[in-house]
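The data below hold one chain only, encoded as structure tokens and taken in the form predicted alone.
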């Protein structure tokens, strides 16, 4: 039971760290264009010039 004294704060810290990373990704626009990535992979803009 003594190990819980260490594990609970570590778990809370890691959970908070994950929450901060998720909020940062939301603020930086990571999820703004969910549809565009699947269409950009199909477009072939790197065609060689003739």
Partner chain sequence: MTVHQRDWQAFVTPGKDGAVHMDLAVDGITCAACMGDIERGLKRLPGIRTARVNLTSQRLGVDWVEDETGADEIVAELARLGYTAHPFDPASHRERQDKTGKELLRCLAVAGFAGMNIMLLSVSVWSGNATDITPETRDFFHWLSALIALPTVAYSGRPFLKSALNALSSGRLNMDVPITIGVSLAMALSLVQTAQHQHHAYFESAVMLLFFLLVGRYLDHNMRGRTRSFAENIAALKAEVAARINADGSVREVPLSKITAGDLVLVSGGERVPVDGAVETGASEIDQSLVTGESLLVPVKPGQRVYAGTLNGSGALQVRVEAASGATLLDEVNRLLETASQAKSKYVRIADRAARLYAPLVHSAAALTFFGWLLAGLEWQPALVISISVLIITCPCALGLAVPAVQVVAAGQLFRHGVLLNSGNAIECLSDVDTILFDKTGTLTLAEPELCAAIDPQDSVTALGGRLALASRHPLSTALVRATGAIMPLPEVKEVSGAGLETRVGDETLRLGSPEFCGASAAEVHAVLQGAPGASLLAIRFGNRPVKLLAFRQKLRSDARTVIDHLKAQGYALEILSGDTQPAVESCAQALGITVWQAGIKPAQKIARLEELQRQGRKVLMVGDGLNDAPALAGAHVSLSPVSAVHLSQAAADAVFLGDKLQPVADALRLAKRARAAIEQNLWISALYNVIAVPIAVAGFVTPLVAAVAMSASSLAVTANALKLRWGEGLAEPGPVRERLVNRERQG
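These numbers come from a predicted model, not from an experiment. Under this definition, the rigid core comprises the largest set of C-alpha atoms superposing within 1.5 Å between the forms. Residue numbers count along the first chain shown, from 1.
Form predicted together with its partner chain: not shown, discussed below.
Decide whether residue 23 counts as a contact residue for its partner chain in the predicted complex under a heavy atom distance cut-off of 4.5 Å. Within the cut-off, so yes.
Does any residue in 7 to 25 get within 4.5 Å of its partner chain in the predicted complex, counting heavy atoms only, and if so which ones? 8, 12, 15, 16, 19, 22, 23 sit within 4.5 Å of the partner.
Rigid core superposed, CA of residue 37 - does it shift 2 Å or more between the shown form and the other one? Where the cores coincide, residue 37 still shows a C-alpha shift between the shown form and the other one that is 2 Å or more.
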